[in-house]
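Next up: just one chain, as structure tokens, the form predicted on its own.
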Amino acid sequence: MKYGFFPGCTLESAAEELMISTKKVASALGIELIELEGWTCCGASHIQDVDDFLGVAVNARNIALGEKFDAPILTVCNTCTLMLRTAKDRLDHDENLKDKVNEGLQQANLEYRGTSEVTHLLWALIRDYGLENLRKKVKRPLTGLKVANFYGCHIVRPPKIMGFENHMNPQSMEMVAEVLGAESVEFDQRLACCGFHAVFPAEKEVMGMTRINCLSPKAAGADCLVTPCPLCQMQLDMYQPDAQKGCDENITMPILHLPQLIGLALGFEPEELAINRHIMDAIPTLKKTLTFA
């Protein structure tokens, strides 16, 4: 299996641990990730509000870079997936827009053709790799580990663009957790917004959301929360100490990236997956349930 890999900005900066764990997991599963040479920021769900055409054009360029490999383009970020798929949907249904974008791309010897699908690691594991094949790779079943699966908005909405599963009741995260041997807990905030994109203009409100998003899985008995989006992970992990301020109840909740959870089941140590880089230390909680070297 081969994919053109679009890491997105956070994997080279604030969420480098996701880059480390993604590459570890992909290699262990025999998945070839070829990073797109010269990729740029997807616009992070904000660029279209400033310049709509530019938002389409930069992602047409990113997709065109991936089309060189004649392979699907894979991301590990909900927002990157949404931005790339939104651009692809508009270009594939508007020949005039496609021609106008390609006039610009021609200056860089690129052309958007629309030949590469855009997918997310979570979807690729289910649709392309296969859950039973993933199950065969498990070396350390996550037996006894209770996980809260936090989807994040952009991997399920809008359904017209994302469309992998029922956006009202997605089950992909629970399916992967079951294969890894973990127990998924039911909690109210499973499909809630993390607030990442609103933290600067509405910090007070977003800190309140972070408290609720941590307390909800905690009340359900979760050992940790896992998400397929680096922006959700950053919001819930990095801002958790700020969200704790002014709250009498202890909101502590370890927050893992999806590839880190998979990597634990594949037999990697927490440090190999850079779990020790998180603000909220997840390792003591993991050691209560799992055995490490």
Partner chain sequence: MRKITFTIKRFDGNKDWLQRYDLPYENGKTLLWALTKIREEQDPTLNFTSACRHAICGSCAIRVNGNSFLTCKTALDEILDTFKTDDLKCEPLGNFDVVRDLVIDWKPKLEKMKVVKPWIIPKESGSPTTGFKQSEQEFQKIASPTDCILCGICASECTQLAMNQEGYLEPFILNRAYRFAVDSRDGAPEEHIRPVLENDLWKCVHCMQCVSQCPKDINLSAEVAYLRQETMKMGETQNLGARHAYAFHDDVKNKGRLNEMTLPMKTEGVVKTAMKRVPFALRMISKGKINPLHMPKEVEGIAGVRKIYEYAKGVDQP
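Positions refer to the first chain, counted from 1. All of these numbers come straight from a predicted model, not from anything done at the bench.
In what follows, reference is made to the form predicted together with its partner chain, a form of this protein that is not presented.
- None of the heavy atoms of residue 32 is located within 4.5 Å of its partner chain in the predicted complex.
- Looking at residue 51, you'd find a heavy atom of it within 4.5 angstroms of its partner chain in the predicted complex.
- Within 4.5 Å of some heavy atom of its partner chain in the predicted complex lies at least one heavy atom of residue 238.
- Of the heavy atoms in residue 254, none are within 4.5 Å of its partner chain in the predicted complex.
- The three residues 43, 108 and 153 all sit with a heavy atom within 4.5 Å of its partner chain in the predicted complex.
- A single residue from the set 137, 146, 218, 167 has any heavy atom within 4.5 angstroms of its partner chain in the predicted complex; that residue is 167.
- Residue in contact with its partner chain in the predicted complex (any heavy atom within 4.5 Å), chosen from 205, 128, 186, 95: 205.
- With the partner left out here, its partner chain still marks one of 70 to 78, 113 to 121, 205 to 213, 137 to 145 in the predicted complex; by a 4.5 Å heavy atom cut-off that stretch is 205 to 213.
- Contacts to its partner chain in the predicted complex (heavy atom within 4.5 Å) from stretch 177 to 203: 191, 193, 195, 197, 198, 200, 201, 202, 203.
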